[in-house]
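The chain below stands alone and is given in structure tokens; this is the form predicted alone.
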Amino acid sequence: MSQSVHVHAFRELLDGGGIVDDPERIATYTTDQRQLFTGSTLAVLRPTTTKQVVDIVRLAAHRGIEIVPQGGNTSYCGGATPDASGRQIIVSLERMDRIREIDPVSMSISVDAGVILKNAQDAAAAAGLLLPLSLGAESSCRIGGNIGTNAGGLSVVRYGMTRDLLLGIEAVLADGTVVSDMRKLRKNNTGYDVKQCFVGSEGTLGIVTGAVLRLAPLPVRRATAWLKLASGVPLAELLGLVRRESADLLTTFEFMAARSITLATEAMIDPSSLRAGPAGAVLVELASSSRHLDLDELMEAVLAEVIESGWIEDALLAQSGSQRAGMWRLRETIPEGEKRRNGSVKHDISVPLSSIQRFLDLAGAQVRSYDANLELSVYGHVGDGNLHYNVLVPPDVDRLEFTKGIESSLSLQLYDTAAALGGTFSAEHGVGRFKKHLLKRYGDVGRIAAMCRIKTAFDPADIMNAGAVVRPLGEKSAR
């Protein structure tokens, strides 16, 4: 059956804006965020309701067409990118962008899966509440994708990952069945917690169409400080001291190496005067919803203890909103600084907090042994054990070829080190298509078998995002 016949059949299910089949427009959906791979698709379907998603899935299953669910297309691992076969169809949730309900008493927000994270944050803030999930792509990533990758971000140290915020879910399975569990309950011990199956599944088990997320009191006071780290600082102990002495009001503990700070500064129109110490810098932020707590006074007391420890050379406490914004702008510009430098080979490392320094020491030695001329950009949330350990692409080489070379050699050494320390190769970026070989190399055999069984139970025909994460048991073709 011809592709045009398939596309015509889907067109009958959707309104005029519900399908994209113009090659020029399609191109924006078929290339991954890091521009490492471009796939092919029959068309891009853009439903507006769960009912339309059901109709799409049932028709696709009937015709044997594979589906690639897509939110904001911000995956770093190709998890929202179709393969090169041209047999897959993208289902974009971008038009399912309705805030369904905000419940201030239950402290929850119910949304369509296509809602942009920043819009959900703003809606919560307008109701005097906080949606704690916050990450660099929040102005373009969408809630369904955040669930699919179990997004982390800047506030995990206090509020947890996406899975910790998810109260309820609505999803369409591979046969068109709707899992409708959009409840606001904190306690619901009625069998399997099915919603958690979709967290981190990257669209391989079904299409998430709605979610209920836990909110928190909106902070009305913040204290933000920039710490210049002294040589030999034990990051885990520093974090522990700050958490303990701040009564666990810590929301942010962002580590940045000196090279990363320089890259960000060079990319800024109005360069920051903030600098690193010998071991880099940390951005620390406390937040409280109480108007009765003097956070600046508390932060000053914490900093006094930190300075006494000898772990920092200097500290700057933001005295205004503009100073705080400047600190955050520097941190958030690091990825752009890497891009302007010809990009980087990204390693989304997670290790136990107690092993952070050990990893940095061992990995640094591995990089120097591999090529002493390589430069690194190292930064991360640290408070949750997550390091973005990125190898900078030299200015005069082809980015894609350099990436392939590093990923087939040095990257494996770094992942070996993380694994030996009880860590993993993916803290918050997921597996997608690009890291399946790493899952096979480092994943526990029993856990992978369980994942394959879950995939088989939800999607035995491998309709949903085929080729990503894992295949169902007995699936006929290797991808």
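Computed from a predicted structure; not experimentally measured. Residue indices: 1-based, along the sequence shown.
Just so you know, the form predicted in complex with D-malate (MLT) exists too; it's not on screen, but the next bit is about it.
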- Query: Can R214 be called a contact residue for D-malate (MLT) in the predicted complex at 4.5 Å between heavy atoms?
  - Reply: no
- Can R243 be called a contact residue for D-malate (MLT) in the predicted complex at 4.5 Å between heavy atoms? no
- Would R329 count as a contact of D-malate (MLT) in the predicted complex, using a 4.5 angstroms cut-off between non-hydrogen atoms? no
- Contact test in the predicted complex: Y76 vs D-malate (MLT), heavy atoms, 4.5 Å: yes
- Task: Quick one: find which of 124 to 132, 385 to 393, 320 to 328, 219 to 227 has residues within 4.5 Å of D-malate (MLT) in the predicted complex by heavy atom distance.
- Result: 385 to 393
- Looking at R399, R87, K346, K184, which is the one with a non-hydrogen atom within 4.5 Å of D-malate (MLT) in the predicted complex? K346
- Item | D-malate (MLT) in the predicted complex - contacting residues of 373 to 389, heavy atom within 4.5 Å | Y379, H381, H388
